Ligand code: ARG
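Just one chain follows, in the form predicted on its own, and it is written as structure tokens.
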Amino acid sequence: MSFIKEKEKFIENKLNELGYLNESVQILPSSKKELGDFQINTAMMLAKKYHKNPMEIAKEITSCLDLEFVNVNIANPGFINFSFQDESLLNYLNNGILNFQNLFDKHPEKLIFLDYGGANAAKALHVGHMRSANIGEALRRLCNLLGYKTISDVHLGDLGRQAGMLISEIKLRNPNLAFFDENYQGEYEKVNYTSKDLGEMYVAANIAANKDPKRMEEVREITAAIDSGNKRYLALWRQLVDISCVEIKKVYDELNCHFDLFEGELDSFKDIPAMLEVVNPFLYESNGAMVMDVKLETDTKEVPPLIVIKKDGATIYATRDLATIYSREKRFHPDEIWYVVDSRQGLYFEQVFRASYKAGLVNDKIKLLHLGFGTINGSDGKPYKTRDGGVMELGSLIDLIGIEIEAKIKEEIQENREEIKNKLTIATLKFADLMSNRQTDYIFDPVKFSSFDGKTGPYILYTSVRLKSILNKSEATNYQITTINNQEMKNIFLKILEISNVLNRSFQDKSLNYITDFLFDLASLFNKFYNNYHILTEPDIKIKNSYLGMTKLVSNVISNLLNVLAIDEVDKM
């Protein structure tokens, strides 16, 4: 139990003793610091319920608090202000030095399945894939920190027109491959392509198909054949997906995003027949397609039927997503499934989730959530583009940030310079991406977000470097805080008391901006302290050791929260 939660429970027990049964208490930072560090408005809430004077109730409550708190006082119309005793606060903080997990509340165990990433096979990742990956990975790590079990899946977009495009181009260039021989019965050879080759061929096919209607029709026919299970095309396409995944995994690794499963739409094929058996009683024919009504009487806007099978008998996204949900429930029995996907897909996921519940693919106890996110925009407020107006590839954005970072690293740092640059680049990208509320759009400014000052990833890493440098120079091995010597030090400790609430709010809202805000505030408080006090040359041993204990605690907190954000630390910069 966190320190704040422990004190809230203490007050709740005192309320029970006073006859106010089963009442909850919330300790909040005081609005008037001269009256105390914290306050509760419990007296006013009880006054309404029990029809009593809030000041009288406040006096009852404060009579029970003196042993646990200091500077207890009442302000009109019944706010109770107080501060915590140094001894109990220091015990809590010293436990945090020993183990970061002593600083926050753990949650009841459950299994959460996270679907994020969504890269398209045979295509380069773009900035939209970055948002899904960054948010999803950080949420996965946050869940694990809070005590939940997780399973993560990249869920590749490995079906669709890009398959038809690529295979049509390969057929044009290499028509004698066995994949294009209808009578071939043997084992299919391994194709000798790289991810770069696939990218070049996809671009060529796309240009040609957009110019030539006959070529586009061939692309459609190949795509439909794959969807129908054409053995020859499927065998080739699976090889192309495997080749493409080498580069996709490389980029995700660079982003520190790691998945338990690397499955995709192709993997849903085997589950579609069983899923359709379950769903079939709820389907009806509409304009040749098989659809399901998913509207509710409570809807305030139009929710159209979900198309499950197209009129030509082919599957679509919904078919495969329903089969995937069916498979995940059968294999893993998750308590919740989270989809981290662009907010513009909100209506689609609402349809799919309703269909899943209606048909019984999952029971009502399983929570299906679409965690939509906003877009990354350029300075013009429109989705981030290249200079020629094309979609910005993620690799290009990383290179752009890397140029800014390279210019800022000290010239004397040569050892591991490339590694340091790469870590700072990813820190820049990830911190900026997670700094805004998940659901909002934001403008990405490579120059601003790569700065070593201000609310940026490099600033947090710079503070981390400073913390570790102090600890290394001190050569201390045992850390303990025995005194709170000044207001700047106290401000740091009061900020650390917020950790449990910060983590809980991030989990409840499924947004990491609370953690990025906290990291910036804590780093700023420590740097202010550092500029005003000399840690290593402090002559009073007791005070010096407490400064070092505080430094160790802040370092632990920043390191662990950076890990939640999937940001690697550096030794120097």
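Treat the numbers as computed from the prediction; the structure is a model and nothing was measured. Residues carry their position along the shown sequence, with the first being 1.
One more form of this protein exists, namely the form predicted together with ligand ARG; it is left out here, but the text below deals with it.
Using a 4.5 Å cutoff between non-hydrogen atoms, Phe84 does not count as a contact of ligand ARG in the predicted complex. His155 belongs to the set of residues with a heavy atom inside 4.5 Å of ligand ARG in the predicted complex. When ligand ARG is considered in the predicted complex, His129 lines it closely, a heavy atom lying within 4.5 Å. Remark: Ser195 does not count among the residues lining ligand ARG in the predicted complex, judged by a heavy atom distance of 4.5 Å or less.
The partner is absent here, but in the predicted complex a heavy atom of Asn120, alone among Thr483, Asn422, Asn120, Asn491, sits within 4.5 Å of ligand ARG. Gln345 is the sole member of Gln487, Gln345, Asn73, Asn144 with a non-hydrogen atom within 4.5 Å of ligand ARG in the predicted complex. Here the chain stands alone, but in the predicted complex its contact with ligand ARG, taken as any heavy atom within 4.5 Å, falls in 315-323 among 315-323, 183-191, 491-499, 273-281. In sequence order, Tyr339, Val341, Gln345, Phe349 are the residues of 331-349 having a heavy atom within 4.5 Å of ligand ARG in the predicted complex; the partner itself is omitted from this view.
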